[in-house]
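Just one chain is shown here, as structure tokens, and it is the form predicted alone.
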Amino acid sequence: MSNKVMQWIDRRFPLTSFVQHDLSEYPTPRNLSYWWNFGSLAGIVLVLQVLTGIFLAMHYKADVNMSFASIQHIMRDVNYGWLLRYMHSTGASAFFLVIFIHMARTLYYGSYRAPRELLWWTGQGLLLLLMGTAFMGYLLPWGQMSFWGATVITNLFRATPFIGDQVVVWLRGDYTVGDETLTRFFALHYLLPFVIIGGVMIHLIALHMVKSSNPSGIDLADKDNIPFHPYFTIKDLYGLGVFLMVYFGFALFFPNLLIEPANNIPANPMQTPNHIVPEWYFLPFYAILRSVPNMVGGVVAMGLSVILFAFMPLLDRSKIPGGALYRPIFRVQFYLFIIDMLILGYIGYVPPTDQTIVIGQIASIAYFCSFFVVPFISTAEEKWLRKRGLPKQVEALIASEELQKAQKKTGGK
């Protein structure tokens, strides 16, 4: 009976061939490590966020007089509403953590280089959509930190040349953050995850066109790879199990750890908090914004700090495969960049003082230098490595890649 059903479907939609080609028999490098699990984990977290968000939206009221109370209603009166709310709030942090690790792995192993530039750029577009979705969702609880955070961030758009004031009014729907702002932020927060799902489909199509990268940096022929199922489905399921233990550990036992205490107080436009802090995943970029004394310059620096990642395929000119795996100078630079991001995150969290402002400015300069020196480091490092003599493993990888390119040109002979 099941065979007849599948045959009926296959005559009208290529379901079986799709599953075999893109899921089951999809050729995958055999040396992928667990760092490659975070791509699939990001997709699972997206599904969790969409599902919990849909159920929360059934009970949420997008009204300045009712939104904070509706959150309390969800927490206290709706069956397992507290679990849905904590899963959603914890899932937002988990989503960014998974995405940041996924990006760090891509940077470390040089997976953004040709022919995967478009794959990297679609990922950067997804990151921007995710940031916009998270920012709009942060206003919905209508707590003190939500209100003042939205006020500060929307005010930044006044830096837009000539039409800054009009842009701010358009974003808010009013001259101040109020009911119109809450309504449109709720509508966009509900809509954008489905746009992200569409972007993920494009991202996956781009991935399956160029195939997954691997730690060695050399793209092997399909005959030298192994099918995705069952080898990597088992590996992904193991990674998912570990992730869910950590995820539910936070959601069930430490749900308020990542929620600012001031956000448990209803929004009060007449009382400004002593220190306005965004969510932790925005802290490094917020620190860059604060490190520039001029508002226009700060907004430009913050925007550039996010967009610069998209230029990595153009900045990195090295032809040594494997990214930082075989490039000692690039590896040191990568670790220094991670340390700099942590410093910026701390500076963005603490209240501004003379000392923290100076540290933030130095860390911000180091952040931008990490990108701008990549072309010079990659070129000089490659010359140094070739002059010094590449490791035998790297020479073998380069020879293997050149042989495969030659075979493609000669039709596999």
Partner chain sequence: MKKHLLTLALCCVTSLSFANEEVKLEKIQVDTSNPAVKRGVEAFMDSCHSCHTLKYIKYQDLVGLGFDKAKVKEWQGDWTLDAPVMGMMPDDGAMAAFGKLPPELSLMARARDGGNNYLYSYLMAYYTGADGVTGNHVFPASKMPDPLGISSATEPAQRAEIAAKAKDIVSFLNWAADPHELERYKLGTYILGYLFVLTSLLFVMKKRIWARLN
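Numbering follows the first chain given and starts at 1. In this text the structure is predicted, and so the values were computed from the model without any measurement.
Just so it is clear, the following notes concern the form predicted together with its partner chain, a form of the same protein that is not shown.
Only one segment in the set 336 to 344, 149 to 157, 118 to 126, 310 to 318 has any non-hydrogen atom within 4.5 angstroms of its partner chain in the predicted complex, and it is 336 to 344. Taking a 4.5 Å heavy atom cutoff to its partner chain in the predicted complex, the contact residue among G198, P293, P261, P328 is P261. Of the residues given (A251, L182, I288, L130), A251 alone sits with a heavy atom within 4.5 Å of its partner chain in the predicted complex. With a 4.5 Å cutoff on heavy atoms, Q72 counts as touching its partner chain in the predicted complex.
Under a 4.5 angstroms non-hydrogen atom cutoff, its partner chain in the predicted complex lacks P278 among its neighbouring residues.
In the predicted complex, its partner chain lies farther than 4.5 Å from every heavy atom of P269. In the predicted complex, K235 approaches its partner chain with a heavy atom inside 4.5 Å. For the three marked residues, G360, L385 and G389, no heavy atom of any sits within 4.5 Å of its partner chain in the predicted complex. Within 4.5 angstroms of its partner chain in the predicted complex, the stretch 24 to 48 places a non-hydrogen atom from each of R30, Y34, W35, taken in sequence order.
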